[in-house]
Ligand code: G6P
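Encoded as structure tokens, the following chain is the form predicted alone, with no partner shown.
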């Protein structure tokens, strides 16, 4: 019997899976955040006496552990300065651009690194305190890469997993990081390290060999245990997915299908609606997409009124300089293209800088004839899978960057190199002019693939790998 304050299965992530809501009268409550991770792990956490450790989402608030939606939540406190240095600084202005092929230049500041170490230690300490003897701890993402080693030092009895939701870069790029050895050492504290793509796992293993000289034979890495022996770390691809049934259920609702038709009506019933759905981030290739679309309008290959591009760009990291500049640039481009090509009644581009509830997103997916996923680099890109899951009508065409992890699975999409503007334009035209028969053939194959690997299968395969590692240990 586990102590009621100790847990057999623990998820550790930067954020708790709930948002703090303060009503006008000052009443405080917690609302579950939308997201595939909590959907995937909720059944496991309920069955395994699980807890979730994470930051509560606001600076300098002390919150005692609590339960929401039957999940035990253990908040970690962060100060405003730590959010600035650990999160906005090291996580999102050092690691994020570095891990995304230096699309934007990373910044290397020692005080950011110091804060990253301190905050990772706090997450590790919180995990060590609430983990039952022999518990399984699953650490999530690049903000917490030092936690596995820190946790292993305190609690060698635990089985520890780590999943990297973003790419892991080639060694020539990774080697720029001044703290490259410390990060690798932190990750090697885990028993199982998961990546989105086979190439990412290979990049990690190569970095281990270059920096430490440890023996690697995919997927295993032999790591000295400090006592003259060694332990085995598994580093392999576990491509993440979505709640396919959940998205399809929403897409089949009559009111959502009616909303999809209403969206088409509001846009003037064009013959082709192209859709982009992204966080406003320089890795997503929004600028390349707009450039290609603008040239197609300029050359008369597409005409405003007959074709409209709907671009949803949800706000992201608004206090980071690179993101402020990106927003200004994109909004300037949208304004210029609408000024050049729109009519009084018909925009060329419908640009929306805010997030939407899931039902509205599903209606947009159903309304769109062409989905444009043109990321310059992406760990997976779940939007591509969401679009496919929603298209139970087997309509729609997906244009997908080969630099998104989803391209490894969704091979029946129109795969593009988004840096090749001419190639991107050709794919956009091909998608717009594709016969209904070809659309059905491609979408049927895409849907089969997404159904085969949904989010519960992803989480179960990772948990099985951790259990195997724990039994071997």
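Numbering follows the first chain given and starts at 1. Bear in mind the structure is a predicted one, so any value in this text is a computation, not a measurement.
Omitted from view is the form predicted together with ligand G6P, to which the following refers.
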| query | finding |
| --- | --- |
| The unique member of 449, 20, 457, 15 whose heavy atoms fall within 4.5 Å of ligand G6P in the predicted complex | 15 |
| Interface residue in the predicted complex among 241, 92, 311, 203, criterion: non-hydrogen atom within 4.5 angstroms of ligand G6P | 92 |
| Stretch in contact in the predicted complex with ligand G6P, which is absent here, among 69 to 77, 395 to 403, 134 to 142, 350 to 358 (heavy atoms within 4.5 Å) | 134 to 142 |
| Triplet 87, 165 and 317 all within 4.5 Å of ligand G6P in the predicted complex via a heavy atom | yes |
| Partner contact for residue 279 in the predicted complex: ligand G6P, 4.5 angstroms, heavy atom | yes |
| Residue 247 within 4.5 Å of ligand G6P in the predicted complex, heavy atoms | no |
| In the predicted complex, residue 365 touching ligand G6P (heavy atom, 4.5 Å) | no |
| Non-hydrogen atom contact residue 174 with ligand G6P in the predicted complex at 4.5 angstroms | no |
